[in-house]
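Given next, in C-alpha cells, is a single chain: the form predicted on its own.
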C-alpha cells in the first residue's frame, strides 16, 4: 500500500476520535480506500496504530504523524476557502491532494500567511505548532484583510477575492488592484481608504475581500 493510503487512514482515525466514534466499523464504513483492512495491518505492523474488533487507536508515533497530516489538510482548507469560492466537495477533494505536497517549511509559511487560524472552515481545530505561539511576540501575519489593517499605515494590495466580476471591474476602475499602495483611513461609519490622491468609501464586505501586506 502507498504512504498516501496510510495517511488517509490515520487522518480518518483522528477525525473519528474527535467525533467520539473511533471504531473499526465506522472506519471501514467511512473510508474510501481500497483494501482498508490491509492498510490497518500495515499500520499496526509499523507501530502507528492499534486495532481491535471494536476500537482503533493511534500510538504515540501514529499520533505525531496524524497530527502533521491533519494540520496540513485543515490549513489547506482555510487557504482554499479564503482564496477561492469553492463548494465543500471541491474544497475537501482539493485539500486532500494539496496536503500531500506541503513540506514542513511550506506548511509553516502557509500558517503564518493565514494568520495562524485556530479552526478550519468546518470548525474543526487545527493543531498548533511553534509558529502559532510565536505570533503573540514575534510574528505577525504576513497578509491580512484590509479590514484589519493598521490605520494610516501604507500597505500594498496582494490579492483580491471579489464575489463577482462586476465588483472586480469596479475596484479596478478605482485603481484598487494587486500591487497598489493604499492607506486605510477609517473604519466607522464606513471603511475609507486612500489611493493616490483619491479617497474611497466602501463596505466591510469589500474590505474583507482585499488582502494586503505592509508596504
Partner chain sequence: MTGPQNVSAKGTGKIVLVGNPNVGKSVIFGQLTGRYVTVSNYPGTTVEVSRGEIKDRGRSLEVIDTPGVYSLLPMSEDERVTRDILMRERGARILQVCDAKNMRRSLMITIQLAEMSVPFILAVNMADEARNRGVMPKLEGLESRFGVPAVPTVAVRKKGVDRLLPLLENAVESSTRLDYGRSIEHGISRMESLLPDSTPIGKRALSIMLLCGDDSLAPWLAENVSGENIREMNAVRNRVVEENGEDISYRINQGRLAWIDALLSELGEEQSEPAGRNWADIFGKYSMDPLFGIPILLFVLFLAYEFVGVLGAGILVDFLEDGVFGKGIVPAVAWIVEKTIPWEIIKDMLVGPYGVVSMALSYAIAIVLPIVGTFFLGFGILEDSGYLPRLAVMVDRIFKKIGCNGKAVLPMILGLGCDTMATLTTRILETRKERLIVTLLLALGIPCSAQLGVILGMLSDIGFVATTAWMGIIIGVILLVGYLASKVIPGDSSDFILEIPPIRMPQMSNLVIKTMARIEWYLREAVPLFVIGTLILFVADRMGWLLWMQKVAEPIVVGALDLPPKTTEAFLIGFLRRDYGAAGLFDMARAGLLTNLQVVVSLVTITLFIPCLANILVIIKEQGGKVAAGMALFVFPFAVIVGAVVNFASRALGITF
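Model, not experiment: these values are computed from the prediction. Numbering follows the first chain given and starts at 1. Whichever C-alpha set is largest while still superposing within 1.5 Å between the two forms counts as the rigid core.
If you look for the form predicted in complex with its partner chain, you will not find it shown, but the lines that follow are about it.
Considering only heavy atoms, tell me if residue 58 and its partner chain come within 4.5 Å of each other in the predicted bound form. Output for residue 58 is no: heavy atoms all beyond 4.5 Å of its partner chain.
Using a 4.5 angstroms cut-off on non-hydrogen atoms, would residue 165 count as touching its partner chain in the predicted bound form? Yes, contact at 4.5 Å.
Is the gap between residue 183 and its partner chain in the predicted bound form 4.5 Å or less for some heavy atom pair? Result no; residue 183 lies far from its partner chain in the predicted bound form.
Would you classify residue 187 as touching its partner chain in the predicted bound form, given a 4.5 Å non-hydrogen atom cut-off? Contact check for residue 187: yes, within 4.5 Å of its partner chain in the predicted bound form.
Exactly one of 173, 46, 150, 28 has a non-hydrogen atom within 4.5 Å of its partner chain in the predicted bound form; which residue is it? Exactly one residue meets the criterion: 173.
Region of this chain that lies against its partner chain in the predicted bound form, out of 36-44, 165-173, 64-72, 50-58 [heavy atom, 4.5 Å]: Answer to the contact question: 165-173.
Site test, 10, 19 and 21 vs its partner chain in the predicted bound form, non-hydrogen atom cutoff 4.5 Å: No, the whole trio is out of contact, none within 4.5 Å by any heavy atom.
Can you name the residues of 171-209 that have a non-hydrogen atom within 4.5 angstroms of its partner chain in the predicted bound form? 171, 172, 173, 174, 175, 177, 178, 180, 186, 187, 188, 189, 190, 191, 192, 195, 197, 198, 199, 200, 201, 202, 203, 206 sit within 4.5 Å of the partner.
After core superposition, I'd like to know whether residue 191 moves between this form and the one not shown (criterion: C-alpha shift of 2 angstroms or more). Where the cores coincide, residue 191 still shows a C-alpha shift between this form and the one not shown that is 2 Å or more.
Please state whether residue 15 has a C-alpha shift of 2 Å or more between this form and the one not shown, with the rigid core used for the fit. No; residue 15 is a residue whose C-alpha shifts by less than 2 Å between this form and the one not shown when the cores are overlaid.
Superpose on the rigid core, then tell me if the C-alpha of residue 70 is displaced by 2 angstroms or more between this form and the one not shown. No.
Residue 78 and residue 177: their C-alpha distance differs by 3 angstroms or more in the predicted bound form. Do they come closer or move farther apart compared with the shown form? It is farther: the C-alpha separation of residue 78 and residue 177 rises by at least 3 Å in the predicted bound form.
Distance direction in the predicted bound form for the C-alpha atoms of residue 113 and residue 208, relative to the displayed form (3 angstroms or more): Closer together, by at least 3 Å.
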